[in-house]
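First, one chain by itself: the form predicted on its own, in structure tokens.
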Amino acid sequence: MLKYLDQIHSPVARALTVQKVSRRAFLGTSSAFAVAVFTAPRAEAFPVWETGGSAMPNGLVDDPMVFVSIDTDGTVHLVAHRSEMGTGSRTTLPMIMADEMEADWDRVNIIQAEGDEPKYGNQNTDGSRSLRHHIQAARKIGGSVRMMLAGAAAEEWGVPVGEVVVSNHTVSHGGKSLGFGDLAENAMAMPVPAHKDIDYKSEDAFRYIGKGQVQITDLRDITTGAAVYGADVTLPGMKIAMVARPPVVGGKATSFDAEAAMAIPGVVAVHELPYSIMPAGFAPLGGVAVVADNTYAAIQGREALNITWEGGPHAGYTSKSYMAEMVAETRKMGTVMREQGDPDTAFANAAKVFTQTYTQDHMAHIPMEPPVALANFTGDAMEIWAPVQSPYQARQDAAKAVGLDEANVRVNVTLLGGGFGRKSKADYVTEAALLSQLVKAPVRVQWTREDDVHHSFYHTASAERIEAALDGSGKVVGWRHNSTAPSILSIFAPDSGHQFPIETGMGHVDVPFDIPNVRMDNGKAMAHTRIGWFRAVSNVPRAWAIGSFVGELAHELGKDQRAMWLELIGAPRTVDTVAEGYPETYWNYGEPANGFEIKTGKLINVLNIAADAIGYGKDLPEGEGIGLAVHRSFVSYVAVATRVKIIDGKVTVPEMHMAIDCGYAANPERISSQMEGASVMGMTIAQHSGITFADGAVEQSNFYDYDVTRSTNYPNNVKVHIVPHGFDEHSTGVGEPGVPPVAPSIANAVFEAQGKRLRHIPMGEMI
């Protein structure tokens, strides 16, 4: 089996490594040192590093044998086990290993891991957790290698190991020195140091960590066109497939014209794929596939099929009526998710009750690279190349679909041209696996932009009703929030119509306002399409609603936005989740309370940083306004201050300031980049993202009717402010937390500029 994988893998996979050699080929041909197994207890050097990683499927692996090898010429090979979609984890985690190891970054080669969680630990690149879960594991790996190199040198020179210095790819003692490659063979025989004996570097000794000087490894290849994405991989004899999928989830083809498709020059086969209905996890929708010698023929063949579709159980799904039903549901008492104090009495005795409802359409991820996968099934084995966020899940799903043991399936991860959660659901990989098995040749399944828009796992639609009970002085003494939205859980289990703790823990039950009487409830909304996680997930509708409501409440009470936020948050405190009525099932992004508590002082701090930076409170010309919003998600704290300018009725955004507290900033360059990207996606969500359904089918198709924020309206001035922390503050999430506060900050700014309140996203460009 391994011989087979080597034979078909080596010519292509070498192109997928950053420099010039695959790990498998390297280990088979060079004289190298690979460090032995290493499992250690928690690191006292970083006392708050404990995370929920152990609760992830297949947990964490901190085995240097898996992640590090050194060539005899001194080249250090480091394995990146997370997928790269712009977040930089493919660079940052190896960078941490290299720093702790004292490797010269210019002599480091990064190798992308295949999908193998028993070997590498959890590989699902989502939840903004790559760094926060693996930073200490990366240090442990690098530190153990450094000490083994030092031990090998000390033994060779006959000197105490404590006198040996490892620095910048060189091991020295007095006037003697050796390179990493010189010591590779002897270091291999050294015992792995016990965790307590690892001499971790101090923060002031870091060369790369926290400096922001290391660019993403693939930057040059990406900018010059040399980077390898899913559609760039080819194999001899490869076929291209296009699939006509049911326009309605759960639908089926009742008739199609295979002969007409086969008449197209270049078409070699037509196959009907098995259909699925919810709950089906990440299984493909089914449909009719046209397999051809080239993409054009496959597209033409698909168009010639002339399919008649049966709608299935969701054929009546129409967004307008469904949204009205959800709004009506928010007016009822839903399932209570959190209750504190006596909200019924607070509202009954209130001098005034202020209420608003905020809604949001479904959203599609629309990464610039649509889904694509290449599979080569050879009877007893299969190899796959694809841009996937969860390669091991893709491997398991594909193996099951074609009846292979997963040990005989390999998934190679290419660069992702964007992901945002879509590419953790690898239905497109399973399609390629099934078709390669049927065709008995390598098959690449290519999705078009229309396929991606029509057949995604959509971000949930939502209706959010918020009520504030005010006493005679205008103080908020009661808060009720009904959040109604179809659940992600509906793709995995029979649909109850209610969200589950992971969703309710995202900006709903965890609102950290200092209000004595609180009730959060969840209304019922049955899913009629595939619901999937999307960048920032349920934080998007909750931050949209709460942030907008705070802006409206400020206006209602004659206060400015900052004062309103500060009043609701209250004095800096660590939230006591038990005393404040959080449910026992409260989900804190998979992290323990110790070290990851909700600290309202951090919310206050980022709010003030962003507001001060943009000059909140200053006089502005007519038609301009500044909006504020702040939100905690993925155990990070983000505030956004946006200045809008209304030009001929169009909302433009000339300036935005984003402040983030993400604990220790291990790679400031990537943090700034992620926040800037979040500003683009947040603006897209605010103004453009809206997937609607009519008779069960998606109404949008491409960028002409499902647009994104373009350079013509991207802020000329986006400033990212990173709250500095020492290494004793654990790194938290970055990839997703920047998105949720953007839309409400824009809505609040529009109101300040024009006096018009927008309560639905997408808001549109024109007001």
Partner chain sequence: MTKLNINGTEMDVEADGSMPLLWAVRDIAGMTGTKYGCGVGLCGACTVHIDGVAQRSCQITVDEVVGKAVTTIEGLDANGEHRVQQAWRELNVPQCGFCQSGQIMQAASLLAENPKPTDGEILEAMEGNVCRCGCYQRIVAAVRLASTGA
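The shown structure was predicted, so the numbers you read here are calculated from the model rather than taken from an experiment. Residue numbers count along the first chain shown, from 1.
In what follows, reference is made to the form predicted in complex with the partner chain, a form of this protein that is not presented.
Taking the partner from the other structure, the partner chain in the predicted bound form has no heavy atom within 4.5 Å of any heavy atom of T529. Put simply, P64 is far from the partner chain in the predicted bound form: not one heavy atom of it is within 4.5 Å. Taking the partner from elsewhere, Q674 is found to have a heavy atom lying within 4.5 Å of the partner chain in the predicted bound form. Among residues of the shown chain, W447 is one whose heavy atoms approach the partner chain to within 4.5 Å in the predicted bound form. With the partner omitted here, the stretch from 56 to 64, 711 to 719, 738 to 746, 724 to 732 that lies within 4.5 Å of the partner chain by heavy atoms in the predicted bound form is 711 to 719. Proximity of Y317, V550 and I614 to the partner chain in the predicted bound form is absent: no residue of the three has a non-hydrogen atom within 4.5 angstroms. This chain appears without its partner; in the predicted bound form, the one residue of I609, M681, A665, A399 with a heavy atom within 4.5 Å of the partner chain is M681. Of the listed positions (V214, I198, I646, A187), a single one reaches within 4.5 angstroms of the partner chain by any non-hydrogen atom in the predicted bound form, namely V214. Scanning 357 to 386 for heavy atoms within 4.5 Å of the partner chain in the predicted bound form gives A364, H365, I366, P367, M368, E369, P370 in sequence order.
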